[in-house]
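Have a look below at one chain only, the form predicted alone, in C-alpha cells format.
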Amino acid sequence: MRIIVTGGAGFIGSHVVDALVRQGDEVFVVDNLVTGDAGNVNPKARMINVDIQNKDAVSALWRDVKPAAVCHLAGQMDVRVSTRDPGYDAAVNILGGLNVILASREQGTQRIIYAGSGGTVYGEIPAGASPAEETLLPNPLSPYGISKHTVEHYLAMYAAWGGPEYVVLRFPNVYGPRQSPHGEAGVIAIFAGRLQQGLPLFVFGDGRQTRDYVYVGDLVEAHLLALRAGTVQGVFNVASGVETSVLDLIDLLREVTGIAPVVIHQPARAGEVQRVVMSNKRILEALDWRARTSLVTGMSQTWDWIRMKVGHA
C-alpha cells in the first residue's frame, strides 16, 4: 500500500513508519522538521520536507504520490504553546489538518488515520467517574484540545460526503524510545532525561494529577490495525484504562532506574486537567486492540534509550 505519514520524522510517526516499512508498504514521510528529526526516518521511506500549512504544496504532493492511505500525525502538540499562541496552534492543527483532508479527498485516498488527543478532548474527568468513553461529550479546556477535536468534525463530515473513510485514534500520554527528553511534552522522557543528568524533577501542582500512559509500540499496533480494518471507522480511545499519578510515576522511575530523584514542586499550569483516564472497550471490540506493554516494561525500554541518547549527546 502507498501511504503518506505526516509527522513521520517525529517520535510517534517514525515508529509508525518503521512498522509500515517492515510490512512492505511504500511509505512517504511528510515533515517540516520543526520538531521532527530526519535521523529518525527509516532509510527505506522517502522523506519530503513539506509544511502541512502550505495548502498548495500539500495539494501538489498528494497529486504526485496519490496515496491509498494517510496517517496524519503532524501537528502542534504542546498545550502550553497553544495557550501562549492559540492562533499558531489553530493554523497548524486545524488548517493544516484541513489541507491534508482536502488533498486526500481530491486524490481519492481511501482512508485517513488521525492522531486525536484523548488527554485533552474530554476535559476534566471528575474524581470517581468511570474512564472516559468515546460517547462522552467532549469538553476541551485548552486551545490544543479544541484544535485537535475540530479536525475530527471535518473528517466525519467529509466521510459522510463520500470519503475518505477515517479512524480517529485518541491518544492518551504516549511514551517510549525517541521521545525527546528536552521537549515540553512527554513527562516520562523528560523525567528520565533529567535523572540521567543528575538534575531535579519539577512537578507542577501537587503531583496527584493522573494520566493514562500507553507505550509507543502498542500505539503503532493500533495504527496497523486501523489501516486495514475494512469499513470500520469512527473514534477510538487508544488507552490502557489505568490512571497513574505523577507521584506514582516518580516512584516507578526510582524503581526502574535505581536513582532517588530530588523533586521540586512548582505552581500548576494553565489549561492542564487533573485527571485523564480513558476506556479502551470500543477499540478492543472493533479491532481486538489492547495495551500489552506494562508501564514498568515500557519505562525500562525508554530509560535504556534515554541513557544511550543523553549519554552520547
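Start at 1 and count along the sequence shown; that's the residue number. No experiment lies behind these values; they were computed from the predicted model shown.
Only in words, not in the display: the form predicted together with a small molecule, which the text now covers.
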Exercise for review: Tell me, out of Tyr215, Tyr122, Tyr166, Phe171, which residue has a non-hydrogen atom within 4.5 angstroms of the small molecule in the predicted bound form.
Suggested key: Phe171
Review point. Which pick from Thr35, Asn42, Thr257, Thr244 sits with a heavy atom within 4.5 Å of the small molecule in the predicted bound form?
Key: Thr35
Check your understanding: Looking at the small molecule in the predicted bound form, do all three of Ala9, Val92 and Gln179 come within 4.5 Å of it through at least one heavy atom?
Key -> yes
Point to revise | in the predicted bound form, segment of 48-56, 246-254, 63-71, 281-289 with a heavy atom within 4.5 Å of the small molecule | key: 48-56
Check your understanding: Does the 4.5 Å heavy atom contact test between Thr109 and the small molecule in the predicted bound form come out positive?
Key -> no
**Study point:** Contact flag, Ser117 vs the small molecule in the predicted bound form, heavy atom cut 4.5 Å
**Key:** yes
Review point. With the partner left out of view, is Gly298 within 4.5 angstroms of the small molecule in the predicted bound form by any non-hydrogen atom?
Key: no
Review point. Applying a 4.5 Å heavy atom distance criterion, does Met77 contact the small molecule in the predicted bound form?
Key: yes
